[in-house]
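In structure tokens, one chain follows: the form predicted on its own.
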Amino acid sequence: MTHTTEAGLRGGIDLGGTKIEAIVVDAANRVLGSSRHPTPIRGTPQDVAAEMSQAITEAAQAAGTTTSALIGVGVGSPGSVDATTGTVSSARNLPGWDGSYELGNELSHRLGTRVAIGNDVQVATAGEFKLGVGRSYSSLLGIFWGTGVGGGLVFAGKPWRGRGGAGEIGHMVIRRGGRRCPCGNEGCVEAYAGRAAMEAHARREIEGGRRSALLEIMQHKQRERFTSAVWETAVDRGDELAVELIDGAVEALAAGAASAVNLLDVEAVVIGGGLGVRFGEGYVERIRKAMRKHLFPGHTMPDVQLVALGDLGGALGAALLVDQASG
């Protein structure tokens, strides 16, 4: 069965540091087809675009349609996003993406339909606000714990993007003169909690003679990086280095989240991302408890919850970028 654009079918792509999640949804946001590809770790932005195109093509096939029959495809991308031009800049967790690339135009050409681009964490936050655990709040902070640490904001029922860069909780400084962050600054939340930064730190420790099973687990799982599953397995085994770094990540996330709440006083904090979903409610509870000691005494503790949409939250939020009315 081949669907047409009148059926209101939309695509959503969540572009992450380790995986590309692509889905096709109907007008009621029900997932009809999905596909997951690893994010290239070498090459250029064009190589990433090609992998994204393949993933959404497979998702469309699984839904019984083609990409050109979709009314549009929404993309949640890391980096600085110009939604008007579809340009993505400084997506440093992706290969060769230090500059700018017209991702929207490239994908539109490949897929035969229009493409809307948004910041990955902002669209995931919007997805939770509209479809997930955030539906009962008018203000919330989304924290997505994965390759990096990203944040999204909703105020008075609407996404808050500031001048385009709001929500970068991963780059709040929690320790002056602390560890160097992938962004180049020192002491950021992401320097302690981002998967890429934790892996870099762990590899330095191992090269310096520290004992750890992280490399062995990575090789056993046939991965080239310390994925969320690698970290979870190492922690479950009681690997001292992995436990130390994940514990440090919890503390960093809690300090950043509490500081943001002290400033913004949002009703809820929603935690997701590859590591957030992988470690689940038990770690959300740890972050919740650790936040209390940093919270301003006059503030009411916000609700702190795990995302409800799981791994598909970013792709569902991306699909919401497509305005059906103009399809």
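Being a predicted model, the structure only gives us computed values, none of them experimental. In case it trips you up, residue 1 is the first one in the sequence shown, and so on.
One more form of this protein exists, namely the form predicted together with another copy of the chain; it is left out here, but the text below deals with it.
Listed residue (R175, K221, R110, R225) with a non-hydrogen atom within 4.5 angstroms of another copy of the chain in the predicted complex: Only one listed residue qualifies here, and that residue is R175.
Answer option from K130, R210, R92, R203, heavy atom within 4.5 Å of another copy of the chain in the predicted complex: In short, R92.
Per-stretch contact check against another copy of the chain in the predicted complex, the hit in 37 to 45, 258 to 266, 275 to 283, 54 to 62 (non-hydrogen atom, 4.5 angstroms): Among the listed stretches, the partner-contacting one is 258 to 266.
Partner proximity in the predicted complex: R161 to another copy of the chain, non-hydrogen atom cutoff 4.5 Å: Yes, R161 is a contact residue.
Touches another copy of the chain in the predicted complex: A166 (any heavy atom, 4.5 Å): Because a heavy atom of A166 falls inside 4.5 Å of another copy of the chain in the predicted complex, the answer is yes.
4.5 Å heavy atom contact, I217 to another copy of the chain in the predicted complex: So I217 does not count as contacting another copy of the chain.
Proximity of H171 to another copy of the chain in the predicted complex, heavy atoms at 4.5 Å: Answer yes; at least one heavy atom of H171 falls within 4.5 Å of another copy of the chain in the predicted complex.
Residues in 291 to 308 close to another copy of the chain in the predicted complex, defined by a heavy atom within 4.5 Å, in order: Residues within 4.5 Å: K293, H294, L295, F296, P297, H299, T300, M301, P302.
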